[in-house]
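Just one chain follows, in the form predicted on its own, and it is written as structure tokens.
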Amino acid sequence: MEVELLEIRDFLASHHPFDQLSKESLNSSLGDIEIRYLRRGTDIDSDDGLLDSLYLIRTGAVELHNNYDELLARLAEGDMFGYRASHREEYENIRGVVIEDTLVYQFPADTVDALCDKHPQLDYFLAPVGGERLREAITHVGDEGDAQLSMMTAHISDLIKRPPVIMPPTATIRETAVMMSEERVSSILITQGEKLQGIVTDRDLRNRVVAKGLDYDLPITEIMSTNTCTADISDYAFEAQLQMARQNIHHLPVVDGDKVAGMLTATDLTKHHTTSAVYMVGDIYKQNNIESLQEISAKTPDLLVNLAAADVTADSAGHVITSVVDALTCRLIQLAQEKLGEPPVPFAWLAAGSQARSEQTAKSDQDNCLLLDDSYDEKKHGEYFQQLARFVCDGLNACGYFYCPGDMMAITEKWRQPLRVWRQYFSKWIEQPEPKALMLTCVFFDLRCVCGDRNLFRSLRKHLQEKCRGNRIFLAHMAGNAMSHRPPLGFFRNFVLIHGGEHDHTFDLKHTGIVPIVDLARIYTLAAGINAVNTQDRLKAAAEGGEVTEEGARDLQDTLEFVSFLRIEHQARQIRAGKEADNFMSPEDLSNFERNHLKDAFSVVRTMQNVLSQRYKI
């Protein structure tokens, strides 16, 4: 093969989607490729075969204009235009303008069609840009997942293989034991109708019946355990295992709403591969001092590296990483109570921001607050909760979750208040949405109860929903604030980079890539009164509730997954290199495949932001 043809083949093989084609397919197409040198100022239009040929830029730059001479895009090395790559009904009269001396490879339409017929990857890539192509990208980057981490994506419903074995509360101990023997189960659920009343295990029969010589004809309610922990059938399997590790239990009833759905046992889970996160959480609850918790927390960066290496989804990785800081928070609260005594009034420790959304990575500060019962009296109880908040926040900082730069933590008195005060806060922010209030809502409208009285939190959440639902003026302010976080994509589909300073020639994947999607999802859920906090869950629920189209929600979900995946990969590379993880990425760190699809991702976000701005007339 001639040297020039070999160079063309190697160039194609290094650029997506041609890197998906076999050498044989690339070789067979080389004879049909026309090599063209285009001088600056040359026009490429339909008369020149623009829509009948696929152009791939080797060097140089080309602008695309519509029939009104409006600039649509500026393309450079590795970009494609023409047949299928530019063909949309609204752009039938598109033309190219060569703005630098340019070398292009021109593929005839028949050659493109033949390659697409043989290679679905190429056919899918040449579909319209945006959500569809992003879905192909996500499949590509995650197609080598490690089976050892299947629990990161498996739901409990995937593990439940049989209907629940149940008995009514009127059954005797003997009848229950006979049922367990016949069904060959080590535990049984006691139900009234479809609702769970309690659970009985083999251990209960041994310790509470045989060892104590209890009458076998007594009702089973005499020995059953009540107020048991449960898991929802839609939860991830790893979340169930973490819960069992925290509570030191081996049987976990599974519910679907108010109905009993089945039983999950430690044996069910050990049949699946697990991750170090489960053992980290288990170890956290065994520690009695902050120094030991620091040692365990120091393993979190390695955990992220392992998750990245296994190609788990970014959403699953976020849940896993967040489960560690949740466990640290709960254990620190337990240690604080051992030191200070029982709390004088009920309270709920609330996580805010990325921890609340279960979207943490290796680089996180702490956002939290204390919600206190309305019986709270500052003079009587203030000192206790001040010391508790200080102990927990100092402990989290020692474990690598540094203090919030904006002091949005429970150690700040303003964010350590009774329910009535928190209601006043939210009412004021919603009724008077000035800039600082909007900034606070972006933190405190993402809340999750990590530890304590969940009923307190439910009351606050209900108040928030009632104030926001249908409040178009407030939502318009929220939407306007969200527009301040724009994806780093210029008018010509080029990345807008930071210039100067420590992060010169980079863009911020968190604040300009992920935060805009988080903002959109938050507004959708506030408008609909949806309880979901995780961004993926919010987008799904918003589509189901009609706040956003199914296609729009799916595109944003795929965009969030792709951008978050790149962020985790970036942080994992930094950790492996012995550097501190951050959110600043240079385009040079991306492959051509990743650059193209990241531009698609940012285009999706910009489109959905524009739709939202029109909806609220920003």
Partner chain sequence: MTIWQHLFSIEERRNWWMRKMPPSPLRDYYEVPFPDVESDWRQVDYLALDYETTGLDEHKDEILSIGYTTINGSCMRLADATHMLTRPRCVIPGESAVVHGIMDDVASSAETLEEVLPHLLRALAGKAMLAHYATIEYHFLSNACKRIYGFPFVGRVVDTLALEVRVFRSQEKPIQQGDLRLANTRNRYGLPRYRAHNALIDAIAAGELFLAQVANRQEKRTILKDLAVVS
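Positions refer to the first chain, counted from 1. Nothing here was measured: the structure is a model prediction, and the numbers come from that model. By rigid core we mean the largest C-alpha set that fits within 1.5 Å across both forms.
Keep in mind the form predicted together with the partner chain is missing from the figure; the text below concerns it.
Judged by heavy atoms within 4.5 Å of the partner chain in the model of the complex, the contact stretch among the candidates 32-40, 584-592, 547-555, 569-577 is 32-40.
Interface membership of R58, defined by any non-hydrogen atom within 4.5 Å of the partner chain in the model of the complex, is confirmed. Not displayed here, the partner chain is approached by Y105 to within 4.5 Å at the level of heavy atoms in the model of the complex.
The partner chain is not shown here, and in the model of the complex it never comes within 4.5 Å of any heavy atom of D117. Mapping the unseen interface onto this chain, D217 falls outside it, with no heavy atom inside 4.5 Å of the partner chain in the model of the complex. D101 is the sole member of E182, D101, E431, E222 with a non-hydrogen atom lying within 4.5 angstroms of the partner chain in the model of the complex.
Core-superposed comparison between this form and the one not shown: the CA of K599 stays below a 2 Å shift. For S28, a C-alpha deviation of 2 angstroms or more is recorded between this form and the one not shown after rigid-core alignment.
Here K579 does not count as shifted, since its C-alpha moves by less than 2 Å between this form and the one not shown after the core is aligned.
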